[in-house]
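Presented below, as structure tokens, is a lone chain in the form predicted on its own.
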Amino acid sequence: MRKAALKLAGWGRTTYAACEAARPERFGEAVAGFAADAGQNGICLYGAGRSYGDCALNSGGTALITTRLDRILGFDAQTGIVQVEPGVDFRRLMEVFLPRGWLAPVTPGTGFATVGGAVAHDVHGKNHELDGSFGQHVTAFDLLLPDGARRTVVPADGDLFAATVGGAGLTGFITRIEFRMKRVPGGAVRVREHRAANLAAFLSAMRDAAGASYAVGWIDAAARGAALGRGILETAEPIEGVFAQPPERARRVPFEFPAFALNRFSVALFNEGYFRRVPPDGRTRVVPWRTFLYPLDALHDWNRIYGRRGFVQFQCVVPFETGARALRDLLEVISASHQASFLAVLKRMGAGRAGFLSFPMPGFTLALDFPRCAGLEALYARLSAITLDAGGRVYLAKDALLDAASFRRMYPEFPHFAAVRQAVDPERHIQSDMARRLRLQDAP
């Protein structure tokens, strides 16, 4: 397998890894390369590069880039079960299957993410409270283990399934994924947008909307005082109609913004305009699926807005029981820091999760970006501590700064994951920068 020296990055562009990378175009070549590369720093699996931090990076080792392993292998129109290679992304699924009346059951916030990555992080979407995590819709996958053995793994296999789904690619190379698509009546959703004046009003509106098919909120993380936690709640329901999506009119950020472009004043000005774009009484719109599910995909390379310094995303989930107090504490710290960007998202989550290291739990999840700057590590540590005290955890697919001790407290099922990993990869053939940072390499 041909390799080249590359410098790979997470989507946040604050973490980089110099490594030997290969981008196989054939399944056999990928399998052979995975089996052969067991150097000191091992091999990691790298998809579309949409994870924000270092979970798919392997400094000084090898990276197997899977994006060209993107064949759709089969589809059963009676059951909705589709079989794909790991490099197929969610945009491709929509292009192929939405005209037939099918949609991915759960999707992350970008269509550029791969299905392999969706399994590796047991991703969730705007419908988590109703439909659970992606891994709960997986019916089987083929797994190439580090010793060369091949297994077809199903949910009934228990520990190996639960260690691989949400396991950040550390148990083996998933070569085929089988999951169940869901029927939709048309190519659009009816979206209801509702203003919330503060955090209490926001949480009340979210509670009232708990039965919605899809729900997501934007939070003004710069707001303070009586307006703390103000934002806009969107709920959406599928509607009948034609399945064709309008032509995509994507734009591209052509260059890195200068460091001074994102500051407390520009963010506050943007947030004020964004809040007031929705009338006080709310509004209802019909929106194509692609626009609703992947709003940021219309702006290619949007991570350049943060400039060369990049950004870090913090996403946590806190239980419902402690969530209101924890969210208030988080937002007060964030607002006082004057470091948050205009991208802040609040959602409700249900109990759905499929793996030992899966992120979801019943509660509120808050996600927002911070430009890389002095003091960010200390701010991140404060936010993580608030999350821990509330009984919550941080999302590993977005993380770049969590420490190993906090990780262990947030993910109490780690010993079960570690036991499976020790059994299938005792020599640590598969590695990553995140695995070393969080000490996922440790034996149980």
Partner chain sequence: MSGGQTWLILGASSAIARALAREAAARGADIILAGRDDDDLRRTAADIGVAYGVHARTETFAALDHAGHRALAASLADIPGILNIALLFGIMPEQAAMDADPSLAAACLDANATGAISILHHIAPLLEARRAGMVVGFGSVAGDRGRLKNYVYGASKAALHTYLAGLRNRLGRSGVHVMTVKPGFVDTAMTFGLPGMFLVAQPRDVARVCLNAAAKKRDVIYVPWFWWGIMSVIRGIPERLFKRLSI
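What you see is a predicted model; the values in this text were computed from it and never measured. Residue numbers count along the first chain shown, from 1.
Missing here is the form predicted in complex with the partner chain; even so, the following discussion is about that form.
Stretch-level contact analysis of 201-209, 72-80, 291-299, 347-355 against the partner chain in the predicted complex, using heavy atoms and a 4.5 Å limit, identifies 72-80. Among heavy atoms of residue 333, none comes within 4.5 Å of the partner chain in the predicted complex. The partner chain in the predicted complex is approached by residue 95, whose closest heavy atom lies within 4.5 angstroms of it. A residue is said to contact a partner when one of its heavy atoms sits within 4.5 Å of a partner heavy atom; residue 13 fails this definition for the partner chain in the predicted complex, lying far away. Residue 443 falls outside the set of residues with a heavy atom inside 4.5 Å of the partner chain in the predicted complex. Residues 104, 131 and 179 are none of them found to lie within 4.5 Å of the partner chain in the predicted complex, as judged by heavy atom distances. Of the candidates 100, 190, 328, 264, 100 is the one whose heavy atoms come within 4.5 Å of the partner chain in the predicted complex; the others do not. Listed residues 435, 9, 21, 420 were compared with the partner chain in the predicted complex; 21 is the one with a heavy atom within 4.5 Å. Shown here without the partner chain, the chain has no residue in 357-376 lying with a heavy atom within 4.5 Å of that partner in the predicted complex.
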